[in-house]
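Okay, so here's just one chain, in structure tokens, the form predicted alone.
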Amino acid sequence: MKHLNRIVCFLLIAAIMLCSCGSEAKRTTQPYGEGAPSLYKAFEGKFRVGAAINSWDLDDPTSWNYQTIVQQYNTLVLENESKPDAIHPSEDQYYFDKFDKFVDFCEEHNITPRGHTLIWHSQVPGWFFKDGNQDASAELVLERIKEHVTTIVSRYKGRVKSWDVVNEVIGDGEQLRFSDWSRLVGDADGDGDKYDFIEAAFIAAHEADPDARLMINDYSLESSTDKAIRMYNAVKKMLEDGVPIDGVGFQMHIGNGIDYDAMKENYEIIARLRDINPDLMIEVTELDVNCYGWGEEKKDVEVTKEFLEQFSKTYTDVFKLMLELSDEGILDSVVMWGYYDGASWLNDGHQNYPMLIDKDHNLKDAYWDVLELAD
């Protein structure tokens, strides 16, 4: 019996060691290839998991970039190549080649493409706002909005499922961001608000593709209750006026550490728009975690154990709330702004660590912690 007990103990110890080694091996798995996990598969039935990419990431099917994108994500958006200055640089000229390539790739791999963005105050060519040497009239700007939106959305009707119709139109300290759009169009219809350029874009997009989801997208909605309220008020007014807004996009460019309760409260503020449009959805559209504070001097960050633990907590807090919203039926898409650290816009001279996959193509501990939430 003693010998049997010793054998049993030995087998138990061996099993524990094997499990430990297996776990360690698992945590060093790269994001593609045989045996690699998949974020989107882990959260299937809850929400799509996506990333921002560029058309050149799709050039080589044997590349790490290409294989990671296919393995990890089932919704994608172009980072810059479908913005107004890229796709419609002059009034009589459109460039669709990169967007066509992107949509074709998505269809080939059963990936849901997003469109970003039709109207924005940045990365927009100046011709939209000029009539010769003069400012364009409100009527002319509205005509151009309709033509621009109709042309693009019609081309991808039934193929691009979700559009950021307008981007960053809510002010940080006022109801509406001041821009050439708001300056020139103003209250053209005389109804007392200056949402007219927004309304024109949504109406044109809906007429071009009635089945597409049409989003109003903005930053800091998760962290600024004042801004979340301004967004709520704007969308509420437009919905009551019959504007076909289908959802609100939370960009979610966040820092390493977030107030979970405040974030949840702000999502709940926007979710109340369902009292007006019961089918309204929320999407996370540009998620990343900046290891520097906005506006602070950037010095090389020491990636300590404490930093990594906080980084993991930040991501798991976000995905925990996304699962709650998914269970409530109000969220079905979480898109990150980049697909690994090496492709992030936040790496602008100082090394940043914003994504779940590091610059050497390794899955971070935060990746695995997020993955465990799906179990």
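This one's a predicted model, so the numbers in the text were calculated from it and none came from an experiment. Residue numbers run from 1 along the displayed sequence.
In what follows, reference is made to the form predicted in complex with a small molecule, a form of this protein that is not presented.
- Heavy atoms of no residue among S38, F311 and D358 are located within 4.5 Å of the small molecule in the predicted bound form.
- Of the candidate stretches 200 to 208, 74 to 82, 183 to 191, 146 to 154, only 74 to 82 has residues with heavy atoms within 4.5 Å of the small molecule in the predicted bound form.
- In the predicted bound form, the small molecule lies within 4.5 Å of some heavy atom of H253.
- Taking the partner from the other structure, the small molecule in the predicted bound form has a heavy atom within 4.5 Å of a heavy atom of S122.
- In the predicted bound form, the small molecule sits within 4.5 Å of a heavy atom of E286.
- With a 4.5 Å cutoff on heavy atoms, R114 does not count as touching the small molecule in the predicted bound form; it lies far away.
- Residue-level contacts in the predicted bound form: of Y66, W345, F307, Y32, one residue has a heavy atom within 4.5 Å of the small molecule, and it is W345.
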